[in-house]
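A single chain comes next, written as structure tokens; it is the form predicted on its own.
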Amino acid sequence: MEFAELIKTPRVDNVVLHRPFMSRVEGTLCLTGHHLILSSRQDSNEELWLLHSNIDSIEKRFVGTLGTVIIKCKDLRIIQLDIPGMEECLNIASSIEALSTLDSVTLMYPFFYRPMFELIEDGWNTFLPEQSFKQIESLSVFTQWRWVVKDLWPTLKISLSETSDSVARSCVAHVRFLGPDPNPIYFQVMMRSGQPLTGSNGRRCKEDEQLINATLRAGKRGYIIDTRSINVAQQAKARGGGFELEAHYPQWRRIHKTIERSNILQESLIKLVEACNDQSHNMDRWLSKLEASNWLTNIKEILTTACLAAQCIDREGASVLVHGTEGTDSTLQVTSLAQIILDPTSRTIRGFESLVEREWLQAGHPFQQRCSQSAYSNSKPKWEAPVFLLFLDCVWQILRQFPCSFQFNEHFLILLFEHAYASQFGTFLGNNSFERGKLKLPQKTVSLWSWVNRPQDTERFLNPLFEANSLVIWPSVSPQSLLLWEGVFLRWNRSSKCLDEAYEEMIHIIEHNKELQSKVNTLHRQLAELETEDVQLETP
């Protein structure tokens, strides 16, 4: 298919662009296969480049011969284009709709993008599974352990030292639901998987019991955290799923911590964005809509469950197995956040990238399905859900409570949110590693990490308040401690000028403090040298 077939009108003059808190721009609108571009007549530096894949929905309005196209984006911004001529407006709207809903992944921009920057490192090879296993094996506390990995990484074969490969294969293949992706069972102190396939007749698998028990330390019991309610877990048995029976796993305590399913989370996002965009309501109406969205409630439940998993590990030294249904949504939220709480490395830029790669991309979170629509889509949600956005929001809540413990800033989290939904990079394309391999993404696209990890680009994501903290950090999950993430949900609804100025002033103060501290250190050295000389002169 040629993109030209979908573009009915490639160029229109005298188009006016309206954006919140920015002056109107009049110029020429051009459509390409992947971008909507508007160039200003007055200011050559004033340009809008919008990826078609970032467009969630469009609306058309007409007043006489003047047409208006309102574009609602997946990053939650809304822009308005005033287009002269009804036919031109209809053609532009029709072309945008067609180009923003391409079915084939290989027609998306990452397959056509050619970077203008020098590739210092290949992000596709930065966080390979083999490297992660080697790093863990190098830790003395884990030297007795090895791991079981299914077909997710065909070239990687690792097994649990105390359990035979045949037992491992039997367990992984038959009694753990792994969803559409051959998901790994990750053996450390903390594990993740899909639900056990016990079914309505209470099917038992001794290989699974042996494999799970092999992670227990002598004299210790383990915890199974199920992210479904008891009722949902019971209902799953009728469909061949289920949960671990206490009689078969006597050394494990099962705890149900309910995290909402994907369709509920998508509705929550839609309600939240609708509330944030409604500028007409009073305080009571705003608070009522915010509460009705249940967004902060979802944040609280996820953080509470992650803290529980971290407490079992840190305070009891217990093994923890986390699973929901498929093990590719709420399970990943919990295990990822628990690692951020426990592991200071996960709070660095590279450590967090590694966590996203390992716990989300390689673990089979279906980004292509979950992020195909955002909050404005007119079509009924099927697979879409803001699972990854909720995880990033939880990280932001912890970052806000511990502003000195993270090497990265809020802009880094917002960047990941934006690129998960629409990007020139191939990192978040596909639903699992198998699909990415089949699409040959490492050979045909550029990794997001290749750009982010360039020193000149990394600098903008550094937290100026960062001080390395090796301690465990315990976030508060009380209602008073959880706030709406304004940097995502309100950034297009109000001016950020004051916040930007405050941030710049903070950086100025920090830099000035460093200069003064350097002068103090220099004076201390000079004083020590003078005292040494004075002692030498007094010595006979």
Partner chain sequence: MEHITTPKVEQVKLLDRFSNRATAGTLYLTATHLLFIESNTAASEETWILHHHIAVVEKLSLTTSGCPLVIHCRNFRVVHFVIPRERDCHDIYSSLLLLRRPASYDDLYAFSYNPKQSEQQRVGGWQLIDLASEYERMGVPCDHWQLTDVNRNYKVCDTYPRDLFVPVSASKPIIVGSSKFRSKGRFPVLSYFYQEKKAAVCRCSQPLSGFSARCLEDEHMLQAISKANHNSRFMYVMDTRPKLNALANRAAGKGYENEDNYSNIRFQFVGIENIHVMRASLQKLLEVIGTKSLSMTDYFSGLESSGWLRHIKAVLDAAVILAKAVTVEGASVLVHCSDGWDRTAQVCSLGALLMDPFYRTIKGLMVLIEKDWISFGHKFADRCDQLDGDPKEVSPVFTQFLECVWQLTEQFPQAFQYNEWFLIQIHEHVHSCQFGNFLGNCQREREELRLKDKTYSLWQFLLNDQENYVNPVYQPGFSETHPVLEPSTLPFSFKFWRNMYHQFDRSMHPRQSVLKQVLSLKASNRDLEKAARALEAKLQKQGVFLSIAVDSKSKDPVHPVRPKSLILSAPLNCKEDEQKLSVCGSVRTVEGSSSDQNGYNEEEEEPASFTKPEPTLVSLERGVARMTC
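None of these values were measured; they are calculated from a predicted model. C-alpha atoms forming the largest set that superposes within 1.5 Å between two forms make up the rigid core. Positions refer to the first chain, counted from 1.
There is another form of this protein, the form predicted together with the partner chain, and it is not shown here; the text below is about that form.
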Next item on the list: Answer yes or no: in the predicted complex, does the partner chain come within 4.5 Å of a heavy atom in every one of 118, 237 and 239?
Entry: no
Margin query: Counting any non-hydrogen atom inside 4.5 Å, which residue from 261, 454, 411, 203 sits next to the partner chain in the predicted complex?
Written below: 411
Next item on the list: Let me know the one among 369, 348, 304, 94 whose heavy atoms come within 4.5 Å of the partner chain in the predicted complex, would you?
Entry: 304
Check: Is there a heavy atom of residue 286 no more than 4.5 Å from a heavy atom of the partner chain in the predicted complex?
Finding: yes
Check: Wondering, does residue 311 line up within 4.5 Å of the partner chain in the predicted complex on heavy atoms?
Finding: yes
Notebook entry, point to check: in the predicted complex, does residue 46 have a heavy atom within 4.5 Å of the partner chain?
Noted result: no
Margin query: in the predicted complex, does residue 22 come within 4.5 Å of the partner chain, counting heavy atoms only?
Written below: no
Next item on the list: Counting only non-hydrogen atoms, choose the one of 478 to 486, 31 to 39, 53 to 61, 66 to 74 that falls within 4.5 Å of the partner chain in the predicted complex.
Entry: 478 to 486
Checklist line | Contacts with the partner chain in the predicted complex - residues in 517 to 534 whose heavy atoms fall within 4.5 Å | finding: 517, 519, 520, 522, 523, 524, 526, 527, 530, 531, 534
Next item on the list: Spell out whether the Cα of residue 515 moves at least 2 Å between the shown form and the other one when the two forms are superposed on their rigid core.
Entry: yes
Check: Taking the rigid core as the frame, does residue 23 move its C-alpha by 2 Å or more between the shown form and the other one?
Finding: no
Checklist line | Cα displacement of residue 529 between the shown form and the other one reaching 2 Å, rigid core superposed | finding: yes
